[in-house]
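A lone chain, given as structure tokens: the form predicted on its own.
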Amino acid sequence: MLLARLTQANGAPGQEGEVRDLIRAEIEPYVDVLKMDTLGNLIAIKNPDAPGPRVMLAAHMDEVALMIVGVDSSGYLKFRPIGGVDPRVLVAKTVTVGAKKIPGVIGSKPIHLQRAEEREKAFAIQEMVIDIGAKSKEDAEKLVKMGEIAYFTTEYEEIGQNKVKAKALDDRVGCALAIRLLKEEVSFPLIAAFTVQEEVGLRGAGVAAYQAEPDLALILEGTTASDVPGTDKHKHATAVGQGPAITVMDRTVIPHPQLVQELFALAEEKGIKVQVRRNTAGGTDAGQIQLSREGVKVAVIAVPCRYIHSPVSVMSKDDFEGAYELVKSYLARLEEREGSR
């Protein structure tokens, strides 16, 4: 399955090559232009010279991960997060480190050795290490170089009632949607931008949009689902199983109101269950794409994912299919408009 292969691939910010290669092989037969820019964005275009609106689908390839920044005298690896990772979810998780995919475990002082006051608070990043079984600093440095990346090892698996657990659903779910949609037949220029370094400041999206010059862009994302214990229902940003979420505002963007309302109306017309992304914290590539050149109409369509930015997330396959059907219907509606002119 495409989503399984995408989530199993590794791609930290700035090191998205494995993911990019997988996507390139998947979409090459379906596009007329396929290029990689200096930052590493992969840009694919169908019908580049056709009349009609230039429509961009955008999804970022990178995932949150850990960078190796030191080795202590006993051979334990010191690390720092790349992207927003909550330190509280890291202890005892398994990882692979570097190009050699050296297996390791994130470790900390065991509870038996902790003082009473230490048991009352979570470990900070500085109090954790990655144990690769090395005997010494020299032994570890033969296997791992500074700046290499540690990735979580979570396997893709279908669970419960049509749910999926995997790492990197943010945003391999968006990449999978964009790939499927590129295989649809359209007559206007359709651009897919698979962007880099979203997790460290939306760095690739503005560069991609500047090149592609879209008239409008649909950003396809995995977003926070807060239907978890301890969160009041009225505070839920989104909920898994309630359909794809359409953003009305976040920290980086106010999407184009007319485009947003058109998506809601289309969902109602087609019987596609959707929800509003109600939390305004965080941001997406829409924030940079909207500001490109003379400005771009943007909307964000996201698949809710529980436990986002952690070693494992959970999503609904029904929400994924709903997002696909909504964007597919929107592209078909554009096709109808262009045909009537």
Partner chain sequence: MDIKQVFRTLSEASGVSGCEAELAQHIQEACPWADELRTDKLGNLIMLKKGQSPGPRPKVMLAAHMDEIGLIVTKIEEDGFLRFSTIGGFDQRVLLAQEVVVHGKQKLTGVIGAKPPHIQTQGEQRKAVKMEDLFIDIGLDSAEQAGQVVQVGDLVTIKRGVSDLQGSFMAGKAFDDRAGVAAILECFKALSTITHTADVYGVATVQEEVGLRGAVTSTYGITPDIGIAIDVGFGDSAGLPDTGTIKLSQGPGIGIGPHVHPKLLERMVETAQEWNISYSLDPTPNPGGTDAYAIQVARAGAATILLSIPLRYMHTPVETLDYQDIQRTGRLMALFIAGLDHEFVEGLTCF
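Here the structure is a predicted model, which is why all the values come from computation and not from measurement. Residue numbers count along the first chain shown, from 1.
There is another form of this protein, the form predicted together with its partner chain, and it is not shown here; the text below is about that form.
Using a 4.5 angstroms limit between non-hydrogen atoms, K183 is distant from its partner chain in the predicted bound form.
Of the heavy atoms in I68, some are within 4.5 Å of its partner chain in the predicted bound form. Shown alone here, V144 lies farther than 4.5 Å from its partner chain in the predicted bound form, counting heavy atoms only.
In the predicted bound form, at least one heavy atom of M36 sits within 4.5 Å of a heavy atom of its partner chain. With the partner omitted here, the stretch from 98-106, 128-136, 203-211, 162-170 that lies within 4.5 Å of its partner chain by heavy atoms in the predicted bound form is 203-211. Taking A239, L263, I82, L90 one by one, only a single residue has any non-hydrogen atom within 4.5 Å of its partner chain in the predicted bound form, and it is I82. Although its partner chain is omitted here, in the predicted bound form none of T7, H309 and K328 has a heavy atom within 4.5 Å of it.
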